[in-house]
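There is one chain below, alone, in structure tokens, taken in the form predicted on its own.
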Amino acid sequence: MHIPDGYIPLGQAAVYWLIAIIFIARSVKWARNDMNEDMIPLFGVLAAGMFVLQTINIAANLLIPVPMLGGVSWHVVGAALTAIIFASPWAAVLLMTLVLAVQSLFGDGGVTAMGANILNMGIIGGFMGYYSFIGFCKLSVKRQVALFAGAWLSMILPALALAFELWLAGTFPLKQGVLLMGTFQGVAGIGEGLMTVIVFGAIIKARPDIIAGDAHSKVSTLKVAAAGAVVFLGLAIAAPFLASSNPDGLQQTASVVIKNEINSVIAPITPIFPNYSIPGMGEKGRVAAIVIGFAAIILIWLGAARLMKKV
């Protein structure tokens, strides 16, 4: 669901960037003042893990085997999961900003459209996913159901927002865009919901105090982060061999509804590792590129966190 350069006119893209910058600034303030330092390693590993998971497109018809979904794929986003783990939607905004910024080095999502991508995946996804989860919990819905529902909404609502944004941009027709994006991301939300329930359950099993302040901690957050890093590193190495070559929901929708050639926009940043690969190295280059991105996010976050906590 990464909007590429050229899909949104620069004037409109600037508006989305302005909105995103306001929220990014507030998310940095949250990290500086409210994030427990014990959670810093876990945040970095989770961000790096989301980067890896977003490189693994999964065939949509594995979730719902219907002809319409043949040839379409989906990938994890993780905004709702992040917001729920850190008990703040600002965490989702910050994490998605970090992930999207690094992804721009791989040509995944446009630099000019990054403000819109942050708005959709980080802001709308994070806030709606988190507060939906809180709302369902207050209605005494079982936690697993609330997690699933919050994660599902964090996928479909940004997809509908994206359809409206691209309609305003003159790129998508409104009805077709809403119908197709809603359908594809509604199915993707099922996978997102399942992933959120599984990962959240695994984390709180090791650290129940993440959601219950008076619970006894079984394992330190650093150990949980280290274990997560090992798992995600393994997935980074396996990612090129696991990912489906099918287009995601946005790419598939664009192939159906866009009739005219998209105006090309020169991106401010030339991808260093285009399409998550190092040119000329084949499969080894794809593995190396994803591992580099994984490590880069952790290092960037640890450096940024150190600076934020000193200010």
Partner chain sequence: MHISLTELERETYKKSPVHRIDGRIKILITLAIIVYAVALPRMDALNFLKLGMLEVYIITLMLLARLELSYIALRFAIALPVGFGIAAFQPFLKQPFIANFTVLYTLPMGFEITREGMLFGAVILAKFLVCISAVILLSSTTSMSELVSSARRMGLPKELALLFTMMVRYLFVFWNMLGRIRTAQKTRCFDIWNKKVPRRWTLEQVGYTISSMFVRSYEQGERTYQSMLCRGYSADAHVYVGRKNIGLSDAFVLSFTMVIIGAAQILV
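Positions refer to the first chain, counted from 1. Nothing here was measured: the structure is a model prediction, and the numbers come from that model. We call the rigid core whatever largest set of C-alpha positions still superposes within 1.5 Å between the two forms.
FYI, the form predicted in complex with its partner chain isn't displayed, but the following is about it.
Exactly one of the stretches 153 to 161, 171 to 179, 127 to 135, 223 to 231 approaches its partner chain in the predicted bound form with heavy atoms within 4.5 Å, and it is 171 to 179. Of the listed positions (I24, V15, I298, I292), a single one reaches within 4.5 angstroms of its partner chain by any non-hydrogen atom in the predicted bound form, namely I24. Though the partner is left out of this view, M195 does reach within 4.5 Å of its partner chain in the predicted bound form, counting heavy atoms only. Although the partner is absent from this view, G107 contacts its partner chain in the predicted bound form, with a non-hydrogen atom inside 4.5 angstroms. In the predicted bound form, its partner chain sits within 4.5 Å of a heavy atom of A202. Although the partner is absent here, V102 is a contact residue: one of its heavy atoms lies within 4.5 angstroms of its partner chain in the predicted bound form. For the partner-free chain shown, D108, V111, T112 of 108 to 124 come within 4.5 angstroms of its partner chain in the predicted bound form, judged by any non-hydrogen atom. With a cut-off of 2 Å and the rigid core superposed, V28 has a Cα displacement that falls short of the cut-off between the shown form and the other one. Legend note: Cα of I203 to Cα of I56 is at least 3 Å closer in the predicted bound form than in the depicted form. Relative to this form, in the predicted bound form the C-alpha atoms of A59 and L174 separate from one another by 3 angstroms or more.
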